[in-house]
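Just one chain follows, in the form predicted on its own, and it is written as structure tokens.
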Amino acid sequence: MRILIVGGGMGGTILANNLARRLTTELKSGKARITMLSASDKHMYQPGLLYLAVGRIAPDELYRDQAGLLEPGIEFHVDPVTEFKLDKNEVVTQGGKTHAYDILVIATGSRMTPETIPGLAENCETFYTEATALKMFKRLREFEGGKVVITVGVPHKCPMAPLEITFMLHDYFKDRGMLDKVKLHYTYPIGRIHSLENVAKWATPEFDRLGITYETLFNMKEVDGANKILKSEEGTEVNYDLLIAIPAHKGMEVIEKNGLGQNGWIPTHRHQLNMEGRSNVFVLGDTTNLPISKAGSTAHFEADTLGENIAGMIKMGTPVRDYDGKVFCFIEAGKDRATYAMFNYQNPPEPKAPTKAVHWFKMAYNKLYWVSARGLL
């Protein structure tokens, strides 16, 4: 049984390791084979970009060698897929190689697309890549005061990121002794400050307490960089001195180019995680079109389910359980307080008051991430 995993992020890595441990006997006997194809030999801890953007970690703390995170017996190649031939059970890579499979798992992730809003890419700061996070931190260091606008597009990676960066900016300027020179203003596309109602109910009084103003029903239309004006589809305008953006995201271009899903999101069964219409093709993490958060914990819980199910298919001929939509997200509420949101398809989140204890638990998890990627946590 040839298992091919395309993508070396959180979901793909946990799944590969999970399967390698579940299928030890089958791997040794040659009954099963696990191959991973990735675009990079490095694995990035993506939540760390938020801390890089405010100068709280260094870039090299974000990375580990991908091969070193994988269990023995997993074949690993840095050779990204360029073509999916699903009817032939094959993929073709950038290097020109063809890999056949019996089971395919697509975990290619997502990308920000600020270029879809005229003027946004040229005039905003953001933190979804190492380069843009570093650029944002340097800009913050140079900033001497004025109106900072945090604007949000949807869908986007990490559901709590807009709130977290807003709280973290408040504490960043407070620590620099310049909070009296800064006005934080937040915009969100729907009629509350977060898509999850209970999260919005928790965050709104927090914003009010800190003096952070906000405008809802604000969908970005364009940015007038010369005059430093952000315009909305609803016809309103916001002036800024510094523009921080959480741009809308799409799935990876290879998914779009191969026609596997609109905007790079692959239609995915909400419980079994197979690509709709394909019984031997599964989808993990950001790549799915599921109506749940695009977050590392989502990929983690999906990978746990899929590991059990693929092993069950090989050992017993059938999957063994359903994915229930489980997500767990920490929410940084500044530099030393945090809360969390835990939810699934049936139960909405209910964030509690932020505490220092949860913040330190989050900081500990930043270190434990690498254990988690090994599938040991």
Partner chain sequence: MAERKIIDARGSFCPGPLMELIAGMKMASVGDELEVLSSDKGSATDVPEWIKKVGHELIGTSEDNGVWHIVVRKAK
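Positions refer to the first chain, counted from 1. These numbers come from a predicted model, not from an experiment.
This next part talks about the form predicted together with its partner chain, which is not shown.
Distance criterion of 4.5 Å from any heavy atom to its partner chain in the predicted bound form singles out Pro189 from the list Gly146, Pro80, Gly73, Pro189. Residue in contact with its partner chain in the predicted bound form (any heavy atom within 4.5 Å), chosen from Ser279, Gln262, Thr98, Asn239: Gln262. The candidate spot formed by Gly8, Lys42 and Thr93 is out of contact with its partner chain in the predicted bound form: none of the three has a heavy atom within 4.5 Å. Contact between Ser293 and its partner chain in the predicted bound form is found at the 4.5 Å heavy atom cutoff. Taking non-hydrogen atoms only, Tyr345 approaches its partner chain to within 4.5 angstroms in the predicted bound form. For the chain shown alone, Ala248 is a contact residue for its partner chain in the predicted bound form, at least one non-hydrogen atom being within 4.5 angstroms. Residue contact with its partner chain in the predicted bound form: Val182 places no heavy atom within 4.5 Å of it. Residues of just one listed stretch (228-236, 119-127, 83-91, 98-106) have heavy atoms within 4.5 Å of its partner chain in the predicted bound form: 228-236.
Looking at 206-231, the residues that come within 4.5 Å of its partner chain in the predicted bound form, counting any heavy atom, are Thr216, Leu217, Asn219.
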